[in-house]
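We begin with a single chain expressed as structure tokens, specifically the form predicted on its own.
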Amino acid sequence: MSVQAEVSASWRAYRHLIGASVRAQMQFRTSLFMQMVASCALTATNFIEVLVIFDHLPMLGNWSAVEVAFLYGASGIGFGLCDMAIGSIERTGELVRTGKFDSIMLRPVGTLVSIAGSDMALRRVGGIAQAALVFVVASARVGIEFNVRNVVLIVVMIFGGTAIFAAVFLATAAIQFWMVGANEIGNALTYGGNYLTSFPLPVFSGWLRRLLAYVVPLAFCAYLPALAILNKPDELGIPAFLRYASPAVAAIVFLAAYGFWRLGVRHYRSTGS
């Protein structure tokens, strides 16, 4: 099977799986609505933390409150879309530990598609809506000129961020083929990464800046594209062309994470039970 045919088949299988997941969740609409409200409230607490910081500081570095809100919204939308679409791969460690990954490998679709498509987390819509509201209000107040260039950059920022977060989810899930029960490591890089990307990179210490810019490239989710959109100077001396590199970085890190996942699947030896 060619690569194109394999991708097409995987996409069709994923659509069928998430369709079944959505239909199942829609059977309990009141419960789903309450979960969405809870997700919205939970993510709103993170934004309240941002507001508390600016209640004591007029500026965070050379970033105003509304500019940080712009970062927060962009990061929150990208992370929420990723978490909704493939967040269920966090179950990988449990599947490996219990031996249930054996049944995943026997299915006629790829292991990643099978796990990622098992739960389309519609409850995350609440968090996405909250981040989107902050993003829209901040975009209007920060004075962005909505020309073709900036609209394209905004779309690239959000979906590039989604792909980069997906790569981090995938890589940290793959680690659990070797380190069963390493969920906290994954959470530190995924949910913790979402929190860190809500703030401008210069506010962090030197080693954390380098980690977010060059090792786990979460700076490409919001901070670097935002510099281009807002026409802000960079305090760290990061090459200017990297402001536009989110699509390339997203493609590279996702392919690398997928390769790491496939290596983990080949390494899997079951529990023997």
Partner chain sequence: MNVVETHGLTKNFVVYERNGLIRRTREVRTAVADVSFSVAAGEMVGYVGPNGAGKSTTVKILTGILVPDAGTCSVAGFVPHKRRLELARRIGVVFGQRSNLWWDLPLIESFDLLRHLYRVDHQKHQANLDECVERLALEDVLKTPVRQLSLGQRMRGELTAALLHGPTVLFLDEPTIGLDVVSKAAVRDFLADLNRDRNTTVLLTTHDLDDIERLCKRLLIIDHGTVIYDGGLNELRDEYEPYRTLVVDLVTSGSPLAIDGAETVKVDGPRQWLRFHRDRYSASELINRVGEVAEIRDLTIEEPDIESVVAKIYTRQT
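Positions refer to the first chain, counted from 1. Everything quoted here is computed from the prediction, not taken from an experiment.
The form predicted together with the partner chain is left out here; the points below concern that form.
Residues with any non-hydrogen atom within 4.5 angstroms of the partner chain in the model of the complex fall in just one of 138-146, 93-101, 122-130, 157-165: 93-101. Residue Leu106 is the only one of Val151, Met179, Leu106, Ala188 with a heavy atom lying within 4.5 Å of the partner chain in the model of the complex. The partner chain is not shown here, and in the model of the complex it never comes within 4.5 Å of any heavy atom of Gly193. Proximity of Gln27 to the partner chain in the model of the complex: non-hydrogen atoms within 4.5 Å are present. Within 4.5 Å of any heavy atom of the partner chain in the model of the complex lies no heavy atom of Leu255. Using a 4.5 angstroms threshold between heavy atoms, Thr111 counts as touching the partner chain in the model of the complex. Although the partner chain is omitted here, in the model of the complex all of Ala13, His16 and Ser270 have a heavy atom within 4.5 Å of it.
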